[in-house]
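Heads up, the chain below is alone and in the form predicted alone; it's given as structure tokens.
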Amino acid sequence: MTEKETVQITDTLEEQFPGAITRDERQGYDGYIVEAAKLVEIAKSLRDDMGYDYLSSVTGVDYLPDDKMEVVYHLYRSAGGPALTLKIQTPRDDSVVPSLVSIYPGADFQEREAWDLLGIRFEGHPDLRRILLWDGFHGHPLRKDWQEPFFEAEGKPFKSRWPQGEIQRVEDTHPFGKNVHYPSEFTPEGWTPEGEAALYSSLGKIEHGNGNNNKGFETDHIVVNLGPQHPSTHGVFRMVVTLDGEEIVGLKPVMGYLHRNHEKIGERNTFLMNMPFTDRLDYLCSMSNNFGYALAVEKLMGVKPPERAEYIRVIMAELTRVVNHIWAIGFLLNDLGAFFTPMLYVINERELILDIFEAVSGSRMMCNYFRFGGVARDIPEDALETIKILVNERLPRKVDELDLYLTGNEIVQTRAIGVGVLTKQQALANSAAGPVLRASGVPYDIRRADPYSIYDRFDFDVAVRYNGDVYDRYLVRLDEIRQSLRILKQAVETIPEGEIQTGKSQYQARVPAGEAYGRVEAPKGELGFYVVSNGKPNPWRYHVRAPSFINLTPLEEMSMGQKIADVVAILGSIDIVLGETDR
């Protein structure tokens, strides 16, 4: 945001809401602190009058020493430009914030997450239940005074491991061998899962006589669980579906079965320790995960990678996009009933790209390649030559073949066209990102809308389709592969010689106090890392804006009125990875 725009927004908001909004004057911080009672009004004005129609991220932060909680909102204009950041501060012992779901429905799951992990209650939220932890979990684990049963220390490295070197699993010292903690009054026999009751009541478990009366008979609404163990849920994921015959009249996604509290681990780790942990989020796209986290910490450190490192980063990120999208298309065709033939066809190309990742990072999937201020090692010359052959010769030909085999296929078109429609307005309102957003007619791509790294140097088009159905979500990924190949052709031809790291390699990053939000256009959409530093070796707050998680927000809207078989295709067209959804 330019200084002129900042002054204009500040003047407008302060004039419209006197005393309710002030600049955040903390050193290293940005944005505006808003009075809680005025949050909904201010958000509505920003959306309707100032064009901030896209709520990207909602983050809760526990400032224990100051005895307060903070909720941070990152708002954007879909027309492009940097973030406008709003913040609400509340007392820790009475942390209540107005819900923004009525203004930005995309806040739904994110507010539930902040309640689940931090205990921040969002007043007026239509369905405030736990979302990542099981219903009987004791406490809110991202609060700074919450300690796990075998708590050793606030941050790593733990002294028992370094320098003493006494390696042991703390669970092994416990007679039950489990790192769990239950409330003192808890018994498995006496526990009632209140969350399940709330889940089913929110759907209306059985409604008699509301069925297909236009067909001459009455039916009951019934509830069917798809998952959590199911071959078509793309992992351990559950959809609770209310059916009228075969027609979907209600759907609630249930996640968290794979949750491992990635962010709690991230706040125990040092800044540098977190880089390989980002690989485990979207485990198909570790290079993109590295990229987003590196950008956030580099903003705090005030460092910029050398030119060659920037080119290498872009090359790895775009190869990752190709890998993800061909994989997504293969899985989608599985969901449509093709049973592995397209998947086996694209896996050859994926393996060739993974060969490149292995050559530069030493690993095929968990690459741990980016570093603050650059990359871990240079790209070998023979690997660069292989990339040139792939992007100039083999991959364009293979993408054309994939297009030829699938796009005009009668079964693909019948199962995908007009199915799972998400309108432009719904996509923006629900904070959809990436191909899901662009297939609904919103040409929003962070590489163009708010450029990072050196993306502003490359000639490429933002892939966009306008029908918002399963078919267009397939087509937009095909389009994006071709645009990635355009970027790659330019990058491999113009990559300069030079250093790959600013300064010396670090075993401990010195990160000044402050906050930063680093975001990238990952293959599945906006992947953002909100990081708060207090000047110590470990992040005070480490939050991931996970596109797989937020893109599930409009799943119910996309599925209403569709058949039960269609919901499998709709979920496949969103392209989620549960490691990123659940974290």
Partner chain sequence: MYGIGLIKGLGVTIKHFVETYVDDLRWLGRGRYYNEEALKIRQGTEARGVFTVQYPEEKLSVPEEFRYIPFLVYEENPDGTRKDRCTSCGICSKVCPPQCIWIVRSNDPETGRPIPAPTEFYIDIDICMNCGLCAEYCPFDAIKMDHVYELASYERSSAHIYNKERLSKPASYYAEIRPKNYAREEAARAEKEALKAAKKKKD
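Nothing here was measured: the structure is a model prediction, and the numbers come from that model. Numbering follows the first chain given and starts at 1.
Although not depicted, the form predicted in complex with its partner chain is the subject of the following passage.
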query: 4.5 Å heavy atom contact, Ile347 to its partner chain in the predicted bound form; finding: yes
query: Glu166 within 4.5 Å of its partner chain in the predicted bound form, heavy atoms; finding: yes
query: Arg465: touches its partner chain in the predicted bound form, heavy atom cutoff 4.5 angstroms; finding: no
query: In the predicted bound form, Asn269 touching its partner chain (heavy atom, 4.5 Å); finding: yes
query: Contact residue in the predicted bound form, chosen from Trp146, Phe158, Phe458, Tyr200 - any heavy atom within 4.5 Å of its partner chain; finding: Phe158
query: Heavy atom within 4.5 Å of its partner chain in the predicted bound form - the one residue of Val254, Val249, Leu384, Ala359 that qualifies; finding: Ala359
query: Options 73-81, 470-478, 351-359, 125-133; stretch whose heavy atom lies within 4.5 Å of its partner chain in the predicted bound form; finding: 351-359
query: Residues within stretch 364-379 having a non-hydrogen atom within 4.5 Å of its partner chain in the predicted bound form; finding: Met366, Cys367, Asn368, Arg371, Ala376, Arg377
